[in-house]
Ligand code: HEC
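Below sits a lone chain in structure tokens, taken as the form predicted alone.
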Amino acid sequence: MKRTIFLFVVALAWLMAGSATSAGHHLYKADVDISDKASLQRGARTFVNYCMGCHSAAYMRYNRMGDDLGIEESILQNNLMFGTDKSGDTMTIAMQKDDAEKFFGTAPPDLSVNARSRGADWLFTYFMTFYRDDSRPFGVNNLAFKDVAMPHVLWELQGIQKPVYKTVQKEDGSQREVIDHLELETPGTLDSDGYQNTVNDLVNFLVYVGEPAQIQRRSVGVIVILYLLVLLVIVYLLKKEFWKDIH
């Protein structure tokens, strides 16, 4: 039984390592802090301006986002909503699924719970590792998602990266070229730190969208733990009082 559990843990760790190192490349580490409302506001702006042309967040309502992130309704309507949207609407898009499949080969997924299914670090790595690949329909590929169907919508901010290859030897003695790292070929409007901060804000926002209630849940959780600690002291003192004559 112990051997079975050990093998299971080893296999699980191996699979996690394999998924975390797409094509042998490490994951970037996202600095997620959903209590940082300024970061979430910037992430919401990036999401609306660059992602919502194709991706929806159908489980999130505009007014819920505005209330949670401290965005006034006038700012919400003028900057984060499209002309026909109402504050109580969900963050859906006009693009039809059939049209999306014609454009991209597959319909872009809803991103409401993408951060929960993929993980914040994976998302951060995904946005960081687009590179030029002239063989792909949109001219780009991705280290985290091989043969990705999505164009690099943030290319104006990051610029265009090119792959730098190295030769490795396979077990059978043959050699093949693999991507060693990416280099910036054409600069974008942001420097490296600025782009990483923008991506981190976007990932932070997607983590919030995946579970908006976690902001309240965590604050309530602290209160509950403090309550239980106080209750523990009271119960312990009562126990001592009830049992003092017996002991």
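Keep in mind that this is a model prediction, so the values were computed, not measured. Note that residue numbering begins at 1 and tracks the sequence as displayed.
A second form of this protein, the form predicted in complex with this ligand, is not displayed here; the remarks below concern that form.
Segments offered: 84 to 92, 161 to 169, 107 to 115, 70 to 78. Contacting this ligand in the model of the complex at heavy atom distances within 4.5 Å is 107 to 115. None of 202, 65, 30, 57 but one reaches within 4.5 angstroms of this ligand in the model of the complex through a heavy atom, and that residue is 202.
Contact check for residue 206: a non-hydrogen atom falls within 4.5 Å of this ligand in the model of the complex.
Not displayed here, this ligand is approached by residue 145 to within 4.5 Å at the level of heavy atoms in the model of the complex. Although the partner is absent here, residue 140 sits far enough away that none of its heavy atoms falls within 4.5 Å of this ligand in the model of the complex.
Residue contact with this ligand in the model of the complex: residue 123 places a heavy atom within 4.5 Å of it. Contact check for 34, 210 and 213: none of the three has a heavy atom within 4.5 Å of this ligand in the model of the complex. Residues of 73 to 96 that come within 4.5 Å of this ligand in the model of the complex, judged by any heavy atom, do not exist; none qualify.
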